[in-house]
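Shown below, as structure tokens, is a lone chain in the form predicted on its own; questions about how it binds or moves come after it.
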């Protein structure tokens, strides 16, 4: 690897070193392992949204629906069908992805605020189903009475049920597989086509690109990975309630992506980490913690439109 290639890969290496060592350095600065796990899970959700928003140029306020479907999928699988963490994640991901694939053709012709509003509407449908179907989902009380289970490989078992550090590294493996797949897709001709659609949809149509089909595929991929994040989020808490499906959760994902920096690969992860840390600290100090997060978000949008990662890049290159 040459010097130029090493410099190009330095940010990626730095991020992975931070993630790999997080259970060790985070407690040293006053954090705890579960906080790091939450940051990674929500970072995956924000990066999934950014796949659609930052690289395709389509804003969705309904991603919480598929985040919640992934969460309910894993919880209901473990409680009602099969006590298996891996099977639960697969089922949760499949449920969220299928729902997105079915809804996609109904909304892909819309653009701008119309697309965003329709995604909210569909998301609220799933929210009210979870809220009202008390006998299955637990309604407003949430789905409880289940827990994540150890990973049993026959010849060995990993206790992610009681060992917070082991669960963190399990989440990190799933995160690595997911972001690796996203990075590969974005570097492929398909990913370059998405960027072309984002930059100039009309010109992309003139070039013969099936724009609506590409947006549908991008939508399904984005919702697939956010479903994975939802499943991990439910496993982290051993609990899920309808708030995970509410439109405000989608707003949090958008805030994370914008805070860290849209149109950048690692920006949403940085935004999620900032959001999670601010939420954890401020919520212990005041009930109005969201007001302070909102103020911070407004300041970032006004003065640093490229997000925190954009500021860091500008400082490094200047």
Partner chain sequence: MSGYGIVSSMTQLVLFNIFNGLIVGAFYALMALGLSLILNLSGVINFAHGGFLAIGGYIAYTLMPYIGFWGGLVVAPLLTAVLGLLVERVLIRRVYGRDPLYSLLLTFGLAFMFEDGTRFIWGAQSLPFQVPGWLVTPLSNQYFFLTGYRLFMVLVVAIAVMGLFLILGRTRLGIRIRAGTLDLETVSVLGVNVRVLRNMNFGLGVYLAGLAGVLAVGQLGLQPTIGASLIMPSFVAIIVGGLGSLPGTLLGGLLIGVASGITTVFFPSATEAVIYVMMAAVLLVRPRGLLGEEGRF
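These numbers were taken from a predicted model, which means no experiment stands behind them. Rigid core: the largest C-alpha set superposing within 1.5 Å between the two forms. Positions refer to the first chain, counted from 1.
There is also a form predicted in complex with its partner chain; it is not shown, and the following applies to it.
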Partner proximity in the predicted bound form: residue 20 to its partner chain, non-hydrogen atom cutoff 4.5 Å: no
So in the predicted bound form, is its partner chain close enough to residue 258 to count as touching (4.5 Å, heavy atoms)? yes
Test of understanding: in the predicted bound form, would residue 173 fall inside 4.5 Å of its partner chain by heavy atoms? no
Any of the heavy atoms of residue 293 lying within 4.5 Å of its partner chain in the predicted bound form? yes
Non-hydrogen atom within 4.5 angstroms of its partner chain in the predicted bound form for each of 109, 128 and 252: yes
Heavy atom contact within 4.5 Å of its partner chain in the predicted bound form, the stretch among 78 to 86, 118 to 126, 237 to 245, 186 to 194: 118 to 126
Note that its partner chain is not shown here; using its position in the predicted bound form, name the residues of 42 to 62 with a heavy atom within 4.5 Å of it, in sequence order. 53, 59, 61
If we fit on the core, is the Cα of residue 19 displaced 2 Å or more between the shown form and the other one? no
Examine residue 32 after superposing the rigid core and state whether its CA is displaced by 2 Å or more between the shown form and the other one. no
Please state whether residue 293 has a C-alpha shift of 2 Å or more between the shown form and the other one, with the rigid core used for the fit. yes
